[in-house]
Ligand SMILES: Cc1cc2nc3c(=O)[nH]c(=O)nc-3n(C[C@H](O)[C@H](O)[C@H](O)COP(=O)(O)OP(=O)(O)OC[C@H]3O[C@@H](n4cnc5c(N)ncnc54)[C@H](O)[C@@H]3O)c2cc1C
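Given next, in structure tokens, is a single chain: the form predicted on its own.
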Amino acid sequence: MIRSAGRELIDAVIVGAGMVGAATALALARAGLKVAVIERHPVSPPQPGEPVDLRVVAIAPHAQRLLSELGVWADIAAVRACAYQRMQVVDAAGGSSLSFAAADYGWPCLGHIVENRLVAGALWRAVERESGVRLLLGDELQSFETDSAGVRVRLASGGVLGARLLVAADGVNSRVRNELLIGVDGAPYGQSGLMAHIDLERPQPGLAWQRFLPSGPLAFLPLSDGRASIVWTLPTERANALVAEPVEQFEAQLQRASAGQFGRVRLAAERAAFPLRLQIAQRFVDQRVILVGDAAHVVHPLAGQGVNLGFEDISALLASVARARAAQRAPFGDSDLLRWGRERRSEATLAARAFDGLNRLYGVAEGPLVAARALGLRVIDHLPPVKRKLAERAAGIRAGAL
């Protein structure tokens, strides 16, 4: 049985302390488990008055509930978080649209737009204060080995840790996943997400708006300072060209793409484009190792649900710990981990394929499919039960999250 330099095993070693890694550490520690976190460069949260960071995420209600239970949502909201109560999806080619309003279902909102750095930084600050977490800052994973009882982790600094579980939260290019020779399904989209912050002539507070263009979806997401964050999916070559275009030309093309929905648009900050891909690990569990967040799954950003899937990984892991304790078993048993892995991979695959299918469906610009698409949206708009289910999926709402 693996031991750590003569000591008993700790419960979990987590590699990576981004949003999902830090939340995993905090959640397991709050559940009474002993945790260590390996992170070279932790994220500091922005302070009130600092510019809004370029990269933002849509926090779904179930993810907000997890962050509240972890005691960090109030810290996030105290800096800035923008609730959106309405969502509108527009088909540019078919001319149809579909709108959702939280008030129609008795919900307080459909979600919040928050910058990635704020969420990650607030979680990291909470991890720093958590007595059940051992922080290994500035260090990195050198190697690891597993057996049926646990995992031995060797650090670049020369230290050795023994744990019952290794959690890979080390991102899309996960070193842990690669060393386990776990393959991935999916491929690059050949598209990039162009991100920028925009001043609007006609702002529409509380509205998350998305227009499906043949080249890819364009989303306007509300920010707490009254501006909008855009995520514009385009073929990579075109996205890079738009990043480099003179400001006036970029603004003119963005205004045309948004069909004047917000009046005149003005670039308010830098532009950047990030390549997009679909990627699902072929397994989420390998003996004493699990993959979470982007190490396990990367999905198209059109629904803004990528990090929410990562937070669902954590909620499911906590549920697994609770079931084991209720059955008077130690957490992270083989059957518990295998069940967690099957359920999480199934959910992530369904979500990824759904988002991928929508992206492909709305990439068709002409022909009978366009008319069928428009008819489908109109039918859904007149079928309240179906529309509610679609609203729940679009907002990432889960049962009991509100």
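Keep in mind that what you see is a predicted model, and the values were worked out from it rather than measured. For every residue, the number given is its place in the sequence shown, counted from 1.
Not pictured, yet referred to below: the form predicted in complex with this ligand.
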Worksheet item: Could you tell me if Asn116 has a non-hydrogen atom within 4.5 Å of this ligand in the model of the complex?
Response: yes
Worksheet item: Quick one: is Glu312 in contact with this ligand in the model of the complex, heavy atoms, 4.5 Å cut-off?
Response: no
Item to complete: Although this ligand is absent from this view, report whether Leu141 comes within 4.5 Å of it in the model of the complex, heavy atoms only.
Response: yes
Discussion item. Can you work out whether Leu28 and this ligand are in contact in the model of the complex, taking contact to mean some heavy atom pair no more than 4.5 Å apart?
Written reply: no
Discussion item. Can you work out which of Gly159, Pro188, Pro203, Gly171 has a heavy atom no more than 4.5 Å from this ligand in the model of the complex?
Written reply: Gly171
Response to the item:
If we test each of Ala281, Leu110, Ala122, Val307 for a heavy atom within 4.5 Å of this ligand in the model of the complex, the one that passes is Val307
Discussion item. Using a 4.5 Å heavy atom cut-off, which of 50-58, 28-36, 331-339, 65-73 contacts this ligand in the model of the complex?
Written reply: 50-58
Discussion item. Pick out the residues of 14-31 whose heavy atoms come within 4.5 Å of this ligand in the model of the complex.
Written reply: Val15, Gly16, Ala17, Gly18, Met19, Val20, Gly21
